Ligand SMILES: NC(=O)c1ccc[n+]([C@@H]2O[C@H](COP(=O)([O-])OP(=O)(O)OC[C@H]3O[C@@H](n4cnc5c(N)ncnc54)[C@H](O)[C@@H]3O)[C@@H](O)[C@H]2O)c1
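Have a look below at one chain only, the form predicted alone, in structure tokens format.
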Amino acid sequence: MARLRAAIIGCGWVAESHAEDGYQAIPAQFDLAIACDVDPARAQAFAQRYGIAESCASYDEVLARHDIDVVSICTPPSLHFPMVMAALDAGKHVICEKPFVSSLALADQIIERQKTCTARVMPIFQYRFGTGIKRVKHVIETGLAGRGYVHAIDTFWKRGPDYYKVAWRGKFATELGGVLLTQSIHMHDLMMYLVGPAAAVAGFKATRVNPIEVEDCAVAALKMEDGSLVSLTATLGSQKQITRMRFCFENVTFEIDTGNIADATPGAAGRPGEPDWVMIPKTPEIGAEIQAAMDSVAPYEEARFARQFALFHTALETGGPFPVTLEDARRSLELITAIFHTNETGEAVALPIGPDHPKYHGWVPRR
């Protein structure tokens, strides 16, 4: 397949990663052709900063262009659903940031719409694409790790008043939620990527760090389909940004603590999939076998956005599955839906969640 011509829609901070760490890191596969934002000055400045040939302020104008193959939706979350649907109607492939949409009902509408059109949609979960997580997943898939016991996922990040000076942040109507949708959603996706879907969820959320509408602290306990148990902890009030994940299996414990990585920068908390994880085996013999399996996995040439975008291009070329699917995005939204519901009711929520569930049509409070 020839190079695909792409447009970035929304020129805020996450668009920087799509441009620099994604499209422009793999120029043989993509030509980043247009920067689009409702603020034309911001679109023009973004285009100049990244050497993009054109800028505009109209999404409809981008969708009408016959020479654009892919749109990268980097707008506030409340805009994702109508923009994805419009792109599918226009025959444009879509890469869409998280959180994907505001309800399972809308996710299911996109899943059904994609079945009837030629264009395809890939949600973003770039944390999956690091050599460390790739090697851990390989060991689990071979069966060497054995049965899962208990896993702990901690997202200890920091966001203060300056972060919420962006008008759409901190509000249900535009951000859709807080730490569960914007920060820890990545770590929770990694957990399910490694050990599968949840069967039941119980938990709480709270707003304690900042004077905002959405949650900035949360805890949850999960029973997974394989019988293992998981604890989730997330806050935006940690004085040091740390991502900590520990997976305890029958034959091995895997862990990553970005706070313990030598020479780690504050940004390391957002890259837990890339470093080598600590491997603690049951016996030296099992350890040697697991280490050999990990060593057999070649490192990624690119990480995060670049790798996910490269695999997106390959999937379009071959007709194969995307590296992150609509079902993956739905699963992440299902976990969020369950945590919001259990927080309100005090009762554990059984998964999967279907159209008969009270929060199938969303968790955003109705005004």
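Everything quoted here is computed from the prediction, not taken from an experiment. All residue numbers are counted from 1 along the displayed sequence.
Note that the form predicted together with the named molecule isn't included here; everything after this is about it.
K.L.:
May I ask you to state whether Trp168 is within 4.5 Å of the named molecule in the predicted complex, using heavy atom distances?
P.N.:
Answer yes; at least one heavy atom of Trp168 falls within 4.5 Å of the named molecule in the predicted complex.
K.L.:
Any of the heavy atoms of Gly130 lying within 4.5 Å of the named molecule in the predicted complex?
P.N.:
Gly130: no, not in contact with the named molecule in the predicted complex.
K.L.:
Even though the named molecule is not shown here, does Ile124 get within 4.5 Å of it in the predicted complex, heavy atoms only?
P.N.:
Although the named molecule is absent here, Ile124 would touch it in the predicted complex, with heavy atoms inside 4.5 Å.
K.L.:
Going by a heavy atom distance of 4.5 Å, is Thr75 a contact of the named molecule in the predicted complex?
P.N.:
Looking in the predicted complex, residue contacts with the named molecule include Thr75, since a heavy atom lies within 4.5 Å.
K.L.:
Want to guess which of 331-339, 295-303, 31-39, 310-318 is within 4.5 Å of the named molecule in the predicted complex, heavy atoms only?
P.N.:
Of the stretches listed, the one contacting the partner is 31-39.
K.L.:
Report the residue, out of Lys98, His151, Lys205, Arg120, that has at least one non-hydrogen atom within 4.5 angstroms of the named molecule in the predicted complex.
P.N.:
Exactly one listed residue reaches within 4.5 Å, namely Lys98.
K.L.:
Select from the listed residues Val219, Ala90, Leu229, Met83 the one whose heavy atoms reach within 4.5 Å of the named molecule in the predicted complex.
P.N.:
Contact residue from the list: Met83.
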